[in-house]
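Only one chain is given next, in structure tokens, and it is the form predicted alone.
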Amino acid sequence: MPETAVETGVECAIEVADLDPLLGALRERGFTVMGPLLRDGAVIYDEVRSSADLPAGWTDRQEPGSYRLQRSDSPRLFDFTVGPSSWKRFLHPPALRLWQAHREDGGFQVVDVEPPPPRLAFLAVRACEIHAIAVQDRVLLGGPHVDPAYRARRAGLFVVAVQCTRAGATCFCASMKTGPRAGAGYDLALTEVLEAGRHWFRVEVGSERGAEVLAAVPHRAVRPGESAAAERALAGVAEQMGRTMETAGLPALLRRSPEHPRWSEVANRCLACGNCTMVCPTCFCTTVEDTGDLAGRTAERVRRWDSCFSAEFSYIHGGSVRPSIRARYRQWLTHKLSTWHDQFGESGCVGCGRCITWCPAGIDLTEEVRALQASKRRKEDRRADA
């Protein structure tokens, strides 16, 4: 039985063996638990039924255009950074049937063919991803036109965060002030500690729901010295990050740079494949497809993820508004880091680095930003010398 009562804001400890009771407590409360799994050479998110499903002893190495899983000497369960899959696909699905209609007796009947979404619990949500979910909340719930499909999936979401104990070569969440440590937005937060032959988790309780779930799991009060051990596990993660981005003045700089030659330079490398928008945890653009059968008896409308890198995305009568790759890359980067502030009051980038890792051309948006900033400084220096 638990040794201590649980309250919001307290720190407790659980052993590695107690992860299965935690998963069981969530399932007993009607949650489908989604978490990290190894599949197709990557860490992805899907249903987790036991701690044996977690990628124990695996880590990853990421560079621009490169992702590799590697075996580790450590038995850590969460010794990896973010992979190609984001939590977005569970809340804002890649494909969603909006309605289906059947012809009947000279008329037609519209039917709801999507089953009610499950109650979701996310396991191992990183700080940058918590911020990404908050960004999607503002976009899809915060305006006058709420997305009902997103609202239904987001309602009641239970978040078990994992504090980052290592950073990757394409991470830059510290620059975006979205990590590496989660300070809010979770029900429970785990810090994995492997020290002096012991493998355990510090648990931070972030909500009353989190306290209620943890009370059903074997746990104990944090002992003297254990909190310091957890802090040592988190120390220096920001300094490990392989990328930085200077954000001061960046929205204004991008708005003033629509004709900068750098856009043409990056367009020569860009394939306009849309990988960056597909792996991005905050991109939300969609298109709608209407289809019917040959007999004319059934029709349906499906919403699918789309990308501003597609020429068809900005097509209106007469052609595409952004026909060139140069224009489409400029649109994406400028919206993400500049005009997103105007629309939603914050940046559309959380510094997860996925767009860098999963770009087949190895294009690095932090490098593109630095090039624009360096050009601005050179102009200022020339004016100062004149």
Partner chain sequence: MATTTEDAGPPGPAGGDPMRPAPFRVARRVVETHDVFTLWLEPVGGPGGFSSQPGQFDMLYAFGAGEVPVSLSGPPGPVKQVVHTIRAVGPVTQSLQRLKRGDVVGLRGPFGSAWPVSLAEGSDVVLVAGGIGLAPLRPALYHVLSQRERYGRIVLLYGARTPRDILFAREIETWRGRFDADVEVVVDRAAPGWHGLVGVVTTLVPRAHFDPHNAVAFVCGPELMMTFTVRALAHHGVVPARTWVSLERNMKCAVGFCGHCQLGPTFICRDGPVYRWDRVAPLLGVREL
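Numbering follows the first chain given and starts at 1. None of the values given here were measured: they were computed from a predicted structure.
The form predicted in complex with its partner chain exists for this protein as well; it is not shown, and the discussion that follows is about that form.
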> Hey, of 141-149, 226-234, 186-194, 208-216, which bit sits against its partner chain in the predicted complex at 4.5 Å between non-hydrogen atoms?
Replying inline: 141-149
> Which pick from 155, 221, 111, 252 sits with a heavy atom within 4.5 Å of its partner chain in the predicted complex?
Replying inline: 111
> So which of 72, 247, 240, 314 reaches within 4.5 angstroms of its partner chain in the predicted complex, heavy atom to heavy atom?
Replying inline: 314
> How about residue 47: is it within 4.5 Å of its partner chain in the predicted complex, going by heavy atoms?
Replying inline: no
>> Can you work out whether residue 169 and its partner chain are in contact in the predicted complex, taking contact to mean some heavy atom pair no more than 4.5 Å apart?
In response: no
> With the cut-off set at 4.5 Å between non-hydrogen atoms, does residue 177 touch its partner chain in the predicted complex?
Replying inline: no
>> Test of understanding: in the predicted complex, would residue 331 fall inside 4.5 Å of its partner chain by heavy atoms?
In response: yes
>> Given a 4.5 Å distance limit between heavy atoms, list every residue of 259-288 close to its partner chain in the predicted complex, or none if there are none.
In response: 259, 284, 285, 286, 287, 288
